[in-house]
Each structure stands twice: as structure tokens, then as C-alpha cells.
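The data below hold one chain only, encoded as C-alpha cells and taken in the form predicted alone.
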Amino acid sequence: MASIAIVGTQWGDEGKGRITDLLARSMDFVVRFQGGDNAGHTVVLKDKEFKLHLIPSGIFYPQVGCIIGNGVVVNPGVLIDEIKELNSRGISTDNLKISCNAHLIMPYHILLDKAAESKLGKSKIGTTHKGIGPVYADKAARAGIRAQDLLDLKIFRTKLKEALKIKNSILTKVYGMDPLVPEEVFDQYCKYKEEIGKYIVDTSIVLNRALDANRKVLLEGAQGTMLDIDYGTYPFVTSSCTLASSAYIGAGIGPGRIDEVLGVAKAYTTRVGSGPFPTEEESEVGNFMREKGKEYGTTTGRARRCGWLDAMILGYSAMLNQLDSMVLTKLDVLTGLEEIKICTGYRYKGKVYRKLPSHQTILHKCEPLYETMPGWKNDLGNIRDFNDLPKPVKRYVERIEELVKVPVSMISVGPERDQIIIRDDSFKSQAFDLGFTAII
């Protein structure tokens, strides 16, 4: 495989960082293609923990080029903090490149994000307050500031001045906040330029040359399919396209350049923030999943909502992403439950749905229809062959494959890097490099 795209199939936090780290060492490039520092995962190198929000996890392999693509929105301050943290702990960032077309998060984006959420009150979306929505809105409105603008400070000053005419008016007149001082913002971003200017290039040229030379490229998505701006549970979504198809645009490569699409799913379901969640368990079972699975956000620290695996969601994701295979993560978290449930449909006002309904009201108010399967007590942590799994575990995985109609190529059975069962031979040669574990 010359190129692989990794995408989330639920509401994010599926463990994509774990799988990216697993495959990254055999790649030539790892690329983030959408989202911003509202996403994140934790990487453990032996006994050292690293938290990444913008830099691809391939950064731990000096031979791997790491690219922040044009589809990503970049907070320079956050990025510089990540670079400094890595450098101070012996990790080089010389292999990092930032797309010149990536849009920059500005101070007013963060202020507007927080203010808008506060105004919404009970109707708030549950954003991370990172300025992600406002910067993508400016991008679409052709009012954004891009990384390449830092390389010409005359252009940057002009764009900033024009932007602040409007943003300061909104901050003061709508939200009653103090205006931003143009020169202070300009001076701050001049300092940012000194730190990250050397990384800014046309990464689409770099990637296309690499693919022309049959180099291996891993495209790393953020969030999950159900948070997609078009196909997710709108408006309780992120502000970018999270699908595999957006990897083409967000990395600057053409159709046909991706050889394999790998979807990552938890063995149960979680989501952060507001929005519909048909299989949510506000019960002892939900608490069991949350505590055993350590379901707290890397970026926000917020407790994740937890519930049973939803095959309706996975089937929808498989269709939208044209998945070639799936990775099932955190299967070990379910160990100890007497029974396991899989949602195979919804009931709303007497009507049964076996495909994901398009109307938001149904998702908010439907009754999930479950298949119940026996649980298991066995410790799965030392198992490396699918055939060695207890019969109820094997049947659970097989039932997911039957419902979603996509093979499960890998299964994680613990947080350590080698606690994974690989069923697809094409991944086996890429899988193990002792010392790493990654948990999103």
C-alpha cells in the first residue's frame, strides 16, 4: 500500500492516534489533513507521556516526514508550545512541514468562539473554545489569514487590519468585550513567524512528488464521521469535513491517490459535548465504560458520554468513507460485563429504522433496538491471535463484521503498543516497534 487514510467512524476519540502510531514507523510521510488543536491524542514513549494536538504522531520517527496539511487550521502558539515541549524532551521536529495554505487561528477567533457558546446557553454546541468554527467560517468567507501570509509581513499587516475592523466591532458591540489592539496582535504573530516560518512550504508539491515516487503516505484524520460538517449530527459537529474524501482536499492530492481506507471504531461508543446519542448509557454500565476505558478528553479533560456500540452509525460511516477494513479498539474494556449489546436499529413513533434516519429529531428521540450477546470475564491482554479469543469475544467481533459488512483487520486488547491482534497480513510487517503506545 502506497497510501492509507485513517478515519474515525463514530464521534471521535476512537483511538486513531494509537493506529497512526502503530503504522507510522513504516511510512515515509504522516499527514494531518483536517481539524485543529480541538483534537488530540496521548503518546507514551516508554515511561514518557506526550500530548499532541497538531503535530502528527509520526514525529517520533526521525525518518518520517510529518505534514500539517492545508485542511488543518493552525494556532501558532499551540504549535510552538508542542514543538518546544518535544524538543526539550529530545524529540526533533526537523521533519515537520506546515502547508502554506493552512489557515491561522487568530485571537479573535478564540474570543468569538467562547462568546458565542456562552450566548447560546442550554443550546450550546459544546465546542472546545479553540476558535475552530470561527476560523473555518472566515476561510469560507474568504476573510482568513493563511500560514503563507506570515512570510510577507506587509500582506499580513494589511489582512489583520481589515479583519480587526469587523471583528473588533462584533466583540465590542455584540458581546460587550474590549477590542483587540492591532499592533499587539501583529507583534505577537511576528514572533510566531520567527519560530515556525522555516516549516512553511507548499506541502501539496512535497506529497505529490512522494506519491509519484511510490513513497508510503499515511493520512491521519481527526474527530470522527458523525462530527462531519455535512454528514454528522449537525449542528453538533466540528467545522471541517472528517471523511476520507476530505483527505484529498486537505492534503492536496488528487482522486485515486489513496489505496486503503482504514476506519477506527471503539468496541462501544462515546461522544463529547452536546448532541444526539441514541445508545448512551446514563447508568452503571456507562460509568463502567468511562472509568475502565479512561474516557476523558485529551484536549478538554471532559468526561465522555458512553454507551453501547451502534451498528447503524458504523454502517453509515462505512458507506460514506468506503472503508476497506476496520480497527476495533478497546475491546478489553468490555471484559467483566455480564452481557454486551449492539444497536441494530431505531424505533420512532412506531416505525423501525434499519438505516440511519436523516431527520435530527429521530436521532434525538428514538429508542435503540438491541441485540444482546453474552459477555466474558477473560483477560484479553496477552492474546495475539484471533482464534485464541474466547468464543463470546470472537462472536461479538464477527457480528459487527456481519452488520457493518466490513472486515475487522485489527483489534486492540489493551493499551500497550503490542496488545493488538492483527488479522490482515498486509499490516503485520508494519505493526511492531517496541516502546510506544498511543491512546487518543
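Everything quoted here is computed from the prediction, not taken from an experiment. Residue numbers run from 1 along the displayed sequence.
Just so it is clear, the following notes concern the form predicted in complex with a small molecule, a form of the same protein that is not shown.
Residue contact check for residue 203: none of its heavy atoms lie within 4.5 Å of the small molecule in the predicted complex.
Residue contact check for residue 412: one or more of its heavy atoms lie within 4.5 Å of the small molecule in the predicted complex.
Contact annotation for residue 26: none of its heavy atoms lies within 4.5 Å of the small molecule in the predicted complex. Though the partner is left out of this view, residue 257 does not reach within 4.5 Å of the small molecule in the predicted complex, counting heavy atoms only. In summary, among the residues 321, 329, 279, 75, the only one with a non-hydrogen atom within 4.5 Å of the small molecule in the predicted complex is 329.
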